[in-house]
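Each of two forms of one protein chain follows alone as structure tokens, named structure 1 and structure 2.
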Structure 1
């Protein structure tokens, strides 16, 4: 489908690909700022509907142009507004980011929801962020028929891509690969015992992944006990570093992610723990750089050791497989884009009024003319006069709804009224 150069659908955005982090930080929105900006955009008539998506990697404003533009270019008006709103020079905003209209704006949103525009291709977090942006805008009264339909379509498309392709099926982060390996070996992680060495960022990510997979038995050993206790606030037990050797035999999986510059887990310590386990395997995930676990631990019987290099190799293979799924994902996107614009195109004044008139004429012919033809005692000349009266009645019945749609000056409200008419009179026979 070709780009709609004069479409009322617009998008301005800045993301990690095209905009330095310093500028992205200045263009970011808190939830309160989202509500404030959407209210101002609608009050100034720049947008009749709007949604703002703001994450650590992007700030995007989606909208349907309003009646207050007074001939101004809507993209320029939006960037000028954001310059004022954030206190950022307009030339800085103009020289970065991207601007789309019509089909391109819709395609970009669907790509975002599908994870195709994410820093980590196919990541799942973004679909929740799109959902939250839509919820926030809806709660602020900033969405009506068009953006409601568009963002529902984006969320549906994101789910389709994830369920019908392998774009998100294989982890590409080191902690994600590590947890997948653990699940392959033990299948059900819930009853397994995990020992995390360290309480930094990587340990925190792995802790969250374990909770998400249903793990219940988590212990954390760290040189600063308070950090361990903070990490375990949602579950698990914290121990001081001196307890490492004592806790090791009780673990099924050991995750080491400390910032130490030398090995913190020796072959000797691991060997003693394995002896106490009496043949039960022990799975070591060494996420430290440099290595936390002495490499010779992997030589021990019943010990399975994976270091960052091993996990990185798996992650790279998974990343390539995700790239192979871009084609199937794009096929889904194009199908959903066509569905959206089939609906959106029907909202234009002329198609809606034509369909409404045809609906009434069809009813008149089916209900009125059929019965009139059965009244054979009425002369043909009189029946023709009655037909003309019925046609006049249809025109009279349609006059108010026709004027209400056609003469509405606000583009967004005009589309709302067209959507209501199509719904009330069943004009979309093949509804989605």
Structure 2
């Protein structure tokens, strides 16, 4: 691509890889600070468009260079601004993070949106954070044609990578794996009945997770009733330990996370429960160490038993599988980068003005010359004069829009005007 070293698209950023958490904390932006920084960047003419992405793992400023740089290197000007804005010594900022321009900046944003730059490869949260950063910048009036298009592209690409590759399809956390397994037995977990054994930290994590997933029937059985009642304060029912065998046949999923040193659920108890369930499956998640559920329960028909080691092994395998999907994800990214730059290249001033002139000339030839040829009574000499007149008229009509685009000092506004001209005169050839 031609838009490289002198590209008006710039990015400066600091993430968990290169930057210690202390510095990241100082470079973080609250939503108000984002608005304030974007306003100042545009006011000083450093950027004509800008988006700030600030999460716990990264702070990044994306922008289209402005007209107030006065020959300064835009990246240096940006880091210098951020140093002033955050009150962090410039040398500290300069020594960490990354800076990209043109294709590299676009590639980085698309990688971020796809989850390729995340701590947990392929995680989903980042796409929401990119969307929020874009929304915030748009709300502050800091995005126009280019960044609007770029961030839309990033969000689309993030979605495409997630749907067309296995980068995010398999969970890599233990609760995530447990939920995925349960959902392969019972598709909709919300109406299912859950029985949690124990009321400790792990039980509490799963209780919250189930509530977040919309589970409506949660029962907790614990040796100390008061603790299970405490856990059930946001919904669900607490039962004393003695009720375990009686509650078991009513459950679809049993999550056991007690600190007992022996099995609390025997094969015999499970067998009785399954007999009462008349063929309905029962999913046991044994998260206890040592194991709470007798391993032979897994041999029973209609019983599915997974212990914490099994979940860990699956999570690790899924992590490896996600790494294998980086190649296909990058292929999608490169395709989308090409599409973006074919639009961006067409948006550049010279191709737009050439296309505009060609369009007018085509109309002149089609509408004027052809009709003139039909008027045979006009002598050839006069016809030539009329033709020259038409050409001169086209030049006059084009002068104002051409100057308005060409002479705009702010690069962002210049591209904006080119985009408007392409839109108004139907010049779009975007290859998409």
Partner chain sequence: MMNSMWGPTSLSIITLLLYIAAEGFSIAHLRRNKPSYGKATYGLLLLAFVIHWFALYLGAKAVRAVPYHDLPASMSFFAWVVILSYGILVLRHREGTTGPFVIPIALLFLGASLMANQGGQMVIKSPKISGPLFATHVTTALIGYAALSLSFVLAQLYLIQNKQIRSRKLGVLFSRLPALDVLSRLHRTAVIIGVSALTVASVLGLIWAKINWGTFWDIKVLFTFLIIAIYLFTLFPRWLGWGGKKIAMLSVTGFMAILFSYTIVNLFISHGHSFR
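Computed from a predicted structure; not experimentally measured. Positions refer to the first chain, counted from 1. We call the rigid core the largest set of C-alpha positions that still match within 1.5 Å between the two forms.
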Do you think the form predicted alone is shown as structure 1, or as structure 2?
1
Hinge split between the two structures, rigid part shared by residue 274 and residue 72:
no
Whole-degree rotation of the smaller rigid portion against the larger portion between the two structures is 27
Quote the shift of the Cα of residue 249 between the two structures to one decimal place in Å, the two forms being superposed on the rigid core.
7.0
